[in-house]
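Take a look at this single chain, the form predicted on its own, given in structure tokens.
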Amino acid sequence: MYRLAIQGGTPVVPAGSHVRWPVLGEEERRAVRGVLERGVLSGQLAPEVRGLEREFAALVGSRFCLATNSGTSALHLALIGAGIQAGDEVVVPAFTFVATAMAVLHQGAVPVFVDVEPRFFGMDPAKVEAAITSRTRAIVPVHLHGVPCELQPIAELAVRRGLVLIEDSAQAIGARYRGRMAGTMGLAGCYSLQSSKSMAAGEGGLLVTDDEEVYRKAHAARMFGEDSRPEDEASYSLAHALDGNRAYDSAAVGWNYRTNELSAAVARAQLRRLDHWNAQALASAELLGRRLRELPGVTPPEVPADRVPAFHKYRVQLDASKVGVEAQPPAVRDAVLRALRAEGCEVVLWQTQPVPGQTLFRKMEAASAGRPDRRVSYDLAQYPVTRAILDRSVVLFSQTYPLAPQPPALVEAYAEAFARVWTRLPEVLAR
């Protein structure tokens, strides 16, 4: 009988086994050297930025692409391009990163949270319909952890109710839903290039759309509200990269949401390996899933046949009652997390509560009291599925050491470590 690491045994995963993310090679270094040698570090018409926009638009099959300084700013620009105004309501999932709702707040609009369904962690279409009011203007579904959500019924609902659909694909670059790229089925789609993402550029984001009016509004808002014209690029000169080719004229309120040449150059290099990392993550996820599904009470991520994921996170749900153990789900979750970490595994929680449980939204709810016309309710009882998922799940691998770059032998070791911990759950809980 083996001894668990928490009992003084040897960890299953040896120290130093993980591959750190992002993986930066000679191609990224060459791209950065090229920018430094050129001496042009910024500009919305600079060659790396425009090259990234063209290449990404071609990858996903969209007419237009805007590179931004974050995924959050890409979402904000999409809302601007869609004409969302202050006071409008925008439906977002309760299980997401706060940026989804924060972008809505940046536009002065009101995020209305809905619960998710338990299989793919996307917003529940039935809950979306129930949340729509006369003030609702948009729906922002999220492809969480890189697995596309059940988008078709939400898209049909948006059309039927005359609402804008904007996809938050921050964690799903390269994922597909029914043959189409995630992020291309609504009016606009938004992606993140933050360091933990599949295309790691440090910080950055991308907005794609087929709608020229959305593109022009978002483009102007990205650059201090200045209108942009095709002839601007034709007269752009590397020799005068810091000099404008026309007089400044802001026609509307705007922001400085531009990215820079160094980040864009790294993102272009990463883009060329995106398919490789996504394929490797999928193969590892399938290997791990086969092993974990053999354990009663353990539910690894599910991927329907009509979807191709881009695994950003690998969330595993736990039900101790299936192995005859009666304990509160958070206690099981935390005990398993500690035991797996002792075995050398990278394990995180990422979120511990629905986004509307964060302090900001508690304050917003309190501030709306006594105003029936603007009353918002962020009572966490409205999100039982999100709460249950977070109470009973852990994320295998971390943002610094994610699934995608890890070798198969390490993934096998994770499966073994998980099996050891789960089959000795009473001892794990006792400690």
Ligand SMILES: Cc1ncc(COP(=O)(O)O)c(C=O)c1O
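This structure is a prediction, so every number in the text was calculated from the model and none was measured. All residue numbers are counted from 1 along the displayed sequence.
FYI, the form predicted together with the ligand isn't displayed, but the following is about it.
> Only one of Q406, Q44, S70, S393 has a non-hydrogen atom within 4.5 angstroms of the ligand in the predicted complex; which is it?
Replying inline: Filtering the options by heavy-atom distance leaves S70.
I need to confirm a contact call. Of Q270, T209, Q171, T259, which residue comes within 4.5 Å of the ligand in the predicted complex, counting heavy atoms only? None of the other options qualify; the answer is Q171.
The ligand in the predicted complex reached by all of V142, Q194 and K197, non-hydrogen atom within 4.5 Å: The answer is yes: all three residues contact the partner (heavy atom, 4.5 Å cut-off).
Query - 4.5 Å heavy atom contact, A99 and the ligand in the predicted complex - result: Flag for A99 set to yes.
Requested in this report: Determine whether any heavy atom of G204 comes within 4.5 Å of a heavy atom of the ligand in the predicted complex, and answer yes or no.
Outcome: So G204 counts as contacting the ligand.
Check: Is L75 a contact residue for the ligand in the predicted complex, using a 4.5 Å heavy atom cut-off?
Finding: Yes - in the predicted complex, heavy atoms of L75 and the ligand come within 4.5 Å of each other.
Just to confirm the contact call: exactly one of 248 to 256, 331 to 339, 90 to 98, 285 to 293 touches the ligand in the predicted complex at a 4.5 Å heavy atom cutoff, so which is it? Looking at the partner contacts, the answer comes out as 90 to 98.
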